[in-house]
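This document starts with one chain, in the form predicted alone, laid out as structure tokens.
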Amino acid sequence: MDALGLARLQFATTTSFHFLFVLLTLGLVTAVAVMQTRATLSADPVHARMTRFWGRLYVVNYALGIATGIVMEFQFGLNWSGLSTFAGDVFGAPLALETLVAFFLESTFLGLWIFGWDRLDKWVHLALIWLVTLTAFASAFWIMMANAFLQHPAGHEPRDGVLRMVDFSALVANPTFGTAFLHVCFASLTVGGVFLTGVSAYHFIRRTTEVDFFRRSLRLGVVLTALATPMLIGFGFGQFPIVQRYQPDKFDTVGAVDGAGLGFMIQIGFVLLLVSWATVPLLLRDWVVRLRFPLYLMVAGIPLPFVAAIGGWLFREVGRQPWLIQGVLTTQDAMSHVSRDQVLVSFIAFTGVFTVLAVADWVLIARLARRGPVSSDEAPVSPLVPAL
């Protein structure tokens, strides 16, 4: 494999890792916000404990996801300096807004939420988790805007051999942006719902004594999945006519590389839709818990939305080749002047770091998930490190 192939493989690997963290973060923070809202409105201690338990899992995934994102950013300067030089004035704008307007605010609000437990007014504390949720999705908003520019460059003009932004509103109105962003949003909610469902089912398989706790978590997970999957599929198919209009060669390119993978991705979406809606009636009298067999399927289904999400991302990115910016800049021209050996070394280093982070994330989340809910008087995240 030449230097270009290695650089593409490196970015695909690291971005895929990071995307998995992002999806679970967005899905879990939404569920935690709903739990805390119910706890605040009802003063129900079970919902408060749910907020603490699932909040811990969310923060672990968030922290390690940030680490993968920071590492991933280095690749723009390391392997793809041509992109920054040629289109940085346009492509870099939403990325800068993501950092300044969304990420910094999200981190600030999250820190206040973590260390403000039992110290802040309950309504202020509730507002903080919703602000964390909104700024998390705002991050996805800006990132998807930048990605949409690569799919269909808008709002720019060539000047002195580079692209200059002339109309920021054109980036917002980019036809490849809105539907894709909403598709990612509902994908994350599906991931969060399936994760809640699978972990709760695992505890019922183990015959947990926290029956009410995990019954409510299971219900929330199933309902969240059932509500998110129709929108996920709808916005997924809604992108096809847009792709056919602005990137007509994408289906042929993906079909030549991995057409079966795209059929498989769509099937996962429909499976999650059918299973979640079939499970909703079983929640009424706790039949899903009594039958037990569905519980094993719920645990086994945890990886499915992650697999489908990676398939969707590969379809969006691989199908654009050989262009990095559709019709404007090729992947070859965007690559830095680095040798094959240099790319290989960085690929091994980045992949090693990401593998360690992914394993650490899985081990920590699995350990906390198996341990079960914390006591009612224990803060959700403040004592997280010694608790591990």
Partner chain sequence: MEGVWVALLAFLTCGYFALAGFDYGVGVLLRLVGRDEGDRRAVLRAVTPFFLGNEVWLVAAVGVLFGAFPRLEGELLSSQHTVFAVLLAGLVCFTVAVQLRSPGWDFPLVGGAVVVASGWGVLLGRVLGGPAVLWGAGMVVLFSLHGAVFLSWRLSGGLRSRARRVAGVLVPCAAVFVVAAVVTAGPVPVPAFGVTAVVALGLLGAVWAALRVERYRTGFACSAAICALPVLGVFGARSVVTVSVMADVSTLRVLTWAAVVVVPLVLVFQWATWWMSRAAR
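Positions refer to the first chain, counted from 1. Computed from a predicted structure; not experimentally measured.
Note that the form predicted in complex with its partner chain isn't included here; everything after this is about it.
- The contact with its partner chain in the model of the complex, taken as any heavy atom within 4.5 Å, belongs to 101 out of 101, 150, 262, 185.
- Contact annotation: of the candidates 328, 34, 46, 66, the single residue with a non-hydrogen atom within 4.5 angstroms of its partner chain in the model of the complex is 66.
- Though the partner is left out of this view, residue 290 does not reach within 4.5 Å of its partner chain in the model of the complex, counting heavy atoms only.
- At a distance threshold of 4.5 angstroms between non-hydrogen atoms, residue 84 is in contact with its partner chain in the model of the complex.
- Its partner chain is not drawn, but in the model of the complex it has a heavy atom within 4.5 Å of residue 107.
- Heavy atoms of residue 350 reach within 4.5 Å of its partner chain in the model of the complex, making it an interface residue.
- Here the chain stands alone, but in the model of the complex its contact with its partner chain, taken as any heavy atom within 4.5 Å, falls in 358 to 366 among 26 to 34, 358 to 366, 315 to 323, 47 to 55.
- Contact check for 9, 132 and 295: none of the three has a heavy atom within 4.5 Å of its partner chain in the model of the complex.
- Along 78 to 99, a non-hydrogen atom within 4.5 Å of its partner chain in the model of the complex is carried by 78, 79, 81, 84, 85, 88, 89, 91, 92, 93, 95, 96, 97, 99, in order along the sequence.
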